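Just one chain is shown here, as structure tokens, and it is the form predicted alone.
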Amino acid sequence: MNWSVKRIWTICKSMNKKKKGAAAIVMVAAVTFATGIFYTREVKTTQTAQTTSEKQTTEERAEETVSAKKIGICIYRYDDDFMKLITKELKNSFIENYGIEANDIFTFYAEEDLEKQQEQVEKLMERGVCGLIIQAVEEAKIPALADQCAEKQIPVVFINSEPTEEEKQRWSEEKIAASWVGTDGRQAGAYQGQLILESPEHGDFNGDGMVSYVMIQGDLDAEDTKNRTEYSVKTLTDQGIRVQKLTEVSGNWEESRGKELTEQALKRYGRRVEVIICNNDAMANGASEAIQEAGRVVGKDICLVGVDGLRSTVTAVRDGNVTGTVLNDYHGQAKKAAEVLMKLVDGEHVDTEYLIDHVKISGNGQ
């Protein structure tokens, strides 16, 4: 899929006015798997009513049984712009589509501390949540988190950070009420490669017959990092483009690191740098700032691509300061994650994974 920045920008503005309209970004269909649990609690209420029209004795007590669904959300860290968007949309979806009260949705941030995240999961279970949404601090620890939830019979949906195929198979075989909602990093990388191919001279601005690039990666342990890195370059080489990797460094998804690493690369390699590939938009935004400060011009002597479709990056694409980005559909992912979790809570069958398509965003009208 490939949308022009003008079209994306129109959608971005409308999303702020009416969240339901955001579903127009990507049409995703999926079907469902696992078990769930429904919680009820007994709430004692005390009624004291004395009016002129109705006489009552001093205190009448009544007991009511109220069904309550509480949701827990655990995110690996707070200062991640993309995860902030997903978290916001998750809350909106639970409230608007499933009638969950805002004060029955609990959100914890683990500050990239696995032990802290496991403690937060335990605390949420103690609060009586009927389901959990988790973005794991470490993908390798997803099995432990899944077991932690299964032990208390709490359905869980993992988002963003991807479990292994073996782990997803285990959920199915052991009938663990768990699923994963995310995107295919290979698709995102391939779209980045296509954006480079669509740029002037396919990114070979100096005309030497070779595209010399800088790769700024995210978390080196993340599957998205590996797939976006590999497939962005593979898309070029599959089309017969000769490439030269000048440097490949980790910016850990952070904007400040994206700027710092770009500054270093431009200082060291100068005009040899023709393409900068960033595994996410936060780092691309930092890279864009460094490029402008160095007097380079995107589209004339350098190409810059990112992933996520952050509004700030879409603005930069519109203004010509970023070549293009790949929308990592946070609205679609959040909506699907909420839907899958509520099906698990209601005891319905769901699949062990749901993939949401990316959308390519460029400024060249394609």
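Since the model is a prediction, treat every value here as computed from it, not as a measurement. Numbers for residues come from their place in the sequence shown, where the first is 1.
This next part talks about the form predicted in complex with beta-D-galactopyranose, which is not shown.
Engineer: Quick check for you: of 108 to 116, 202 to 210, 121 to 129, 72 to 80, which stretch puts a non-hydrogen atom within 4.5 Å of beta-D-galactopyranose in the predicted complex?
Structural biologist: This holds for exactly one stretch, 72 to 80.
Engineer: May I ask you to check whether D224 falls inside a 4.5 Å heavy atom distance of beta-D-galactopyranose in the predicted complex?
Structural biologist: Yes, contact at 4.5 Å.
Engineer: Does F94 make contact with beta-D-galactopyranose in the predicted complex, using a 4.5 Å heavy atom cut-off?
Structural biologist: No, F94 sits far enough from beta-D-galactopyranose in the predicted complex that none of its heavy atoms falls within 4.5 Å.
Engineer: Is there a non-hydrogen atom of W253 within 4.5 angstroms of a non-hydrogen atom of beta-D-galactopyranose in the predicted complex?
Structural biologist: Contact check for W253: yes, within 4.5 Å of beta-D-galactopyranose in the predicted complex.
Engineer: Quick one: does N328 come within 4.5 Å of beta-D-galactopyranose in the predicted complex, counting heavy atoms only?
Structural biologist: N328: contacts beta-D-galactopyranose in the predicted complex.
Engineer: Exactly one of T235, T87, Q135, T229 has a non-hydrogen atom within 4.5 Å of beta-D-galactopyranose in the predicted complex; which residue is it?
Structural biologist: Going through each option in turn, the one that passes is Q135.
Engineer: Counting non-hydrogen atoms within 4.5 angstroms of beta-D-galactopyranose in the predicted complex, say which of Q194, Q217, N160, Q148 makes the cut.
Structural biologist: Spelling it out, the residue with a heavy atom inside the cut-off is N160.
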